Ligand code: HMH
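Only one chain is shown below, in C-alpha coordinates, and it's the form predicted alone.
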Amino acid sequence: MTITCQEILKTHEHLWQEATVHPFLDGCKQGTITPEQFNTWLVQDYQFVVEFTRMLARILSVAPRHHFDVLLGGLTALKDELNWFQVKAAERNLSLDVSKQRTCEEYSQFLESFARTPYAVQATGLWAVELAYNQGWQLPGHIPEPYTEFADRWGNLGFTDYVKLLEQQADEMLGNASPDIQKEAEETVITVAQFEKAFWQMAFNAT
(Lines give C-alpha, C1' and ligand atoms only; values in the text may rest on other atoms or scores of the structure.)
Protein backbone atom coordinates (compact mmCIF):
# COMPACT_ATOMS: atom_id res chain seq x y z
CA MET A 1 0.00 0.00 0.00
CA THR A 2 1.34 3.40 -0.95
CA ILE A 3 0.49 6.93 0.07
CA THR A 4 0.53 10.15 -1.95
CA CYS A 5 1.01 13.78 -1.05
CA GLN A 6 -2.63 14.55 -1.72
CA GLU A 7 -3.76 11.68 0.50
CA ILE A 8 -1.66 13.10 3.33
CA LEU A 9 -3.31 16.50 2.89
CA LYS A 10 -6.77 14.94 2.84
CA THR A 11 -6.08 12.98 6.02
CA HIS A 12 -4.87 16.11 7.81
CA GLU A 13 -7.12 18.66 6.13
CA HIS A 14 -7.79 20.66 9.30
CA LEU A 15 -4.10 21.00 10.16
CA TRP A 16 -3.28 22.03 6.62
CA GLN A 17 -5.99 24.65 6.59
CA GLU A 18 -4.54 26.18 9.75
CA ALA A 19 -1.15 26.29 8.01
CA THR A 20 -2.46 28.17 4.97
CA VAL A 21 -5.36 30.27 6.29
CA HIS A 22 -4.25 32.66 9.01
CA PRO A 23 -5.12 36.12 10.39
CA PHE A 24 -1.75 37.39 9.18
CA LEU A 25 -2.64 36.62 5.58
CA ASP A 26 -6.17 37.90 5.99
CA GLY A 27 -4.74 41.06 7.52
CA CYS A 28 -2.51 41.60 4.48
CA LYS A 29 -5.61 41.47 2.29
CA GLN A 30 -7.77 43.63 4.55
CA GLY A 31 -5.07 46.19 5.32
CA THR A 32 -5.17 45.55 9.07
CA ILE A 33 -1.59 44.29 9.38
CA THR A 34 0.62 47.05 10.76
CA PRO A 35 3.99 47.83 9.16
CA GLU A 36 5.70 46.64 12.35
CA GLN A 37 3.90 43.31 12.22
CA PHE A 38 4.68 42.76 8.56
CA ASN A 39 8.31 43.75 9.03
CA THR A 40 8.63 41.28 11.91
CA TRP A 41 7.45 38.51 9.62
CA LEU A 42 9.64 39.70 6.74
CA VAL A 43 12.97 39.64 8.56
CA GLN A 44 12.20 36.28 10.14
CA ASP A 45 11.21 34.90 6.76
CA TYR A 46 14.56 36.02 5.35
CA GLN A 47 16.32 34.10 8.12
CA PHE A 48 14.18 31.08 7.32
CA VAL A 49 14.92 31.24 3.59
CA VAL A 50 18.64 31.28 4.30
CA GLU A 51 18.28 27.98 6.17
CA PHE A 52 15.84 26.65 3.57
CA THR A 53 18.44 27.27 0.86
CA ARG A 54 20.97 25.23 2.80
CA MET A 55 18.39 22.48 3.22
CA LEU A 56 17.64 22.37 -0.51
CA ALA A 57 21.36 22.13 -1.30
CA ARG A 58 21.61 19.14 1.03
CA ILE A 59 18.60 17.52 -0.62
CA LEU A 60 20.19 17.98 -4.03
CA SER A 61 23.29 16.16 -2.79
CA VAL A 62 21.30 12.93 -2.25
CA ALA A 63 18.65 13.28 -4.97
CA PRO A 64 18.51 10.96 -7.98
CA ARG A 65 19.91 12.51 -11.13
CA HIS A 66 16.52 12.81 -12.84
CA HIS A 67 15.35 15.12 -10.02
CA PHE A 68 18.23 17.55 -10.52
CA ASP A 69 16.58 19.89 -13.01
CA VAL A 70 13.64 20.71 -10.74
CA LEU A 71 15.79 21.12 -7.64
CA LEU A 72 18.39 23.25 -9.42
CA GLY A 73 15.58 25.46 -10.66
CA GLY A 74 14.50 25.89 -7.06
CA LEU A 75 18.00 26.85 -5.97
CA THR A 76 18.27 29.40 -8.76
CA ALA A 77 14.98 30.95 -7.67
CA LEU A 78 16.21 31.09 -4.08
CA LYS A 79 19.30 33.00 -5.16
CA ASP A 80 17.05 35.65 -6.68
CA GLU A 81 14.76 35.57 -3.66
CA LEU A 82 17.53 36.22 -1.16
CA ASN A 83 18.66 39.23 -3.19
CA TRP A 84 15.04 40.40 -3.40
CA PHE A 85 14.72 40.21 0.39
CA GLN A 86 17.72 42.50 0.71
CA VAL A 87 16.14 45.04 -1.62
CA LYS A 88 12.82 44.95 0.25
CA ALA A 89 14.59 45.32 3.59
CA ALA A 90 16.51 48.34 2.32
CA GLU A 91 13.30 49.93 1.07
CA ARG A 92 11.83 49.51 4.55
CA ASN A 93 15.00 50.54 6.41
CA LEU A 94 15.21 47.11 8.02
CA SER A 95 18.23 45.20 9.21
CA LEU A 96 18.23 41.55 8.22
CA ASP A 97 20.99 40.86 10.73
CA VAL A 98 18.63 39.94 13.53
CA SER A 99 18.25 36.97 15.84
CA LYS A 100 15.77 34.29 14.97
CA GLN A 101 12.63 34.19 17.05
CA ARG A 102 12.03 30.86 18.76
CA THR A 103 9.66 29.55 16.11
CA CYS A 104 12.06 30.44 13.31
CA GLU A 105 14.96 28.84 15.17
CA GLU A 106 13.04 25.63 15.83
CA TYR A 107 11.76 25.47 12.26
CA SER A 108 15.31 25.97 10.98
CA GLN A 109 16.52 23.13 13.19
CA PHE A 110 13.75 20.95 11.81
CA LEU A 111 14.93 21.70 8.26
CA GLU A 112 18.47 20.75 9.27
CA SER A 113 17.18 17.41 10.58
CA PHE A 114 15.95 16.48 7.08
CA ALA A 115 19.51 15.46 6.24
CA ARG A 116 19.13 12.51 8.63
CA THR A 117 16.00 11.19 6.92
CA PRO A 118 15.48 9.09 3.79
CA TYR A 119 15.22 11.00 0.52
CA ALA A 120 11.50 10.22 0.23
CA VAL A 121 10.94 12.09 3.49
CA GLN A 122 13.10 15.00 2.38
CA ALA A 123 11.27 15.27 -0.95
CA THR A 124 7.91 15.25 0.78
CA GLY A 125 8.98 17.83 3.34
CA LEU A 126 10.34 20.12 0.64
CA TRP A 127 7.06 19.91 -1.25
CA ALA A 128 5.04 20.64 1.90
CA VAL A 129 7.01 23.78 2.78
CA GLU A 130 6.71 25.20 -0.72
CA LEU A 131 3.02 24.30 -0.99
CA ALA A 132 2.28 26.08 2.27
CA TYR A 133 3.78 29.31 0.91
CA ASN A 134 2.06 28.93 -2.44
CA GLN A 135 -1.39 28.24 -1.05
CA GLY A 136 -1.04 30.65 1.85
CA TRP A 137 -0.57 33.60 -0.48
CA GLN A 138 -3.13 32.39 -3.05
CA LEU A 139 -6.09 31.51 -0.86
CA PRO A 140 -6.97 35.04 0.32
CA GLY A 141 -7.46 36.10 -3.31
CA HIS A 142 -6.03 39.37 -4.60
CA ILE A 143 -3.97 41.14 -1.95
CA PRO A 144 -3.81 44.92 -2.47
CA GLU A 145 -0.84 47.22 -2.02
CA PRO A 146 1.47 47.48 -0.23
CA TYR A 147 1.63 43.69 -0.10
CA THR A 148 0.72 42.77 -3.69
CA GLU A 149 4.33 42.13 -4.66
CA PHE A 150 4.82 39.74 -1.75
CA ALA A 151 1.67 37.78 -2.55
CA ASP A 152 2.64 37.58 -6.22
CA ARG A 153 6.09 36.22 -5.42
CA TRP A 154 4.76 33.09 -3.75
CA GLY A 155 1.24 32.93 -5.15
CA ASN A 156 2.07 33.15 -8.86
CA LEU A 157 1.20 30.32 -11.24
CA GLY A 158 4.84 29.67 -12.14
CA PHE A 159 5.54 28.85 -8.51
CA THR A 160 2.42 26.66 -8.47
CA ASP A 161 3.83 24.69 -11.41
CA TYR A 162 7.12 24.24 -9.52
CA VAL A 163 5.27 22.94 -6.48
CA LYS A 164 3.41 20.43 -8.67
CA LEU A 165 6.73 19.13 -9.97
CA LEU A 166 7.96 18.72 -6.39
CA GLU A 167 4.78 16.79 -5.63
CA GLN A 168 5.41 14.46 -8.56
CA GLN A 169 8.92 13.79 -7.32
CA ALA A 170 7.73 13.17 -3.77
CA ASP A 171 4.95 10.84 -4.96
CA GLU A 172 7.47 8.89 -7.03
CA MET A 173 9.64 8.30 -3.97
CA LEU A 174 6.72 7.55 -1.68
CA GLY A 175 5.49 4.95 -4.15
CA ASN A 176 8.71 2.99 -3.66
CA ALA A 177 9.07 3.61 0.08
CA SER A 178 8.44 1.25 2.95
CA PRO A 179 5.42 1.78 5.23
CA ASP A 180 7.73 3.13 7.95
CA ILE A 181 9.22 5.72 5.59
CA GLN A 182 5.78 6.67 4.31
CA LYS A 183 4.68 7.21 7.91
CA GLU A 184 7.73 9.36 8.59
CA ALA A 185 6.94 11.45 5.51
CA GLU A 186 3.37 11.93 6.72
CA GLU A 187 4.59 13.03 10.14
CA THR A 188 6.95 15.48 8.43
CA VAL A 189 4.03 17.12 6.62
CA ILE A 190 2.16 17.39 9.93
CA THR A 191 5.15 19.09 11.54
CA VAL A 192 5.54 21.46 8.59
CA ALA A 193 1.88 22.44 8.93
CA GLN A 194 2.32 23.16 12.63
CA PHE A 195 5.42 25.25 12.03
CA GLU A 196 3.80 27.20 9.21
CA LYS A 197 0.88 28.17 11.44
CA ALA A 198 3.28 29.30 14.15
CA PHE A 199 5.44 31.18 11.64
CA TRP A 200 2.56 33.38 10.45
CA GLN A 201 1.77 34.04 14.09
CA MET A 202 5.24 35.52 14.68
CA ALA A 203 4.07 38.68 12.94
CA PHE A 204 2.08 39.50 16.05
CA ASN A 205 5.20 39.36 18.21
CA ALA A 206 6.31 42.76 16.86
CA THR A 207 7.77 45.02 19.49
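In this text, residue numbers run from 1 along the sequence as written. All values derive from a computational prediction rather than experimental measurement.
Beyond the structure shown, there is the form predicted together with the ligand, which is absent from this document and is the topic of what follows.
- Here the chain stands alone, but in the model of the complex its contact with the ligand, taken as any heavy atom within 4.5 Å, falls in 193-201 among 180-188, 21-29, 5-13, 193-201.
- Although the partner is absent from this view, residue 107 contacts the ligand in the model of the complex, with a non-hydrogen atom inside 4.5 angstroms.
- For residue 129, a non-hydrogen atom is located within 4.5 Å of the ligand in the model of the complex, even though that partner is not displayed.
- None of the heavy atoms of residue 63 is located within 4.5 Å of the ligand in the model of the complex.
- At the 4.5 Å threshold, heavy atoms of residue 133 reach the ligand in the model of the complex.
- For the three residues 119, 120 and 171, a heavy atom within 4.5 Å of the ligand turns up in the model of the complex in no case.
- Scanning 22-49 for heavy atoms within 4.5 Å of the ligand in the model of the complex gives 45, 48, 49 in sequence order.
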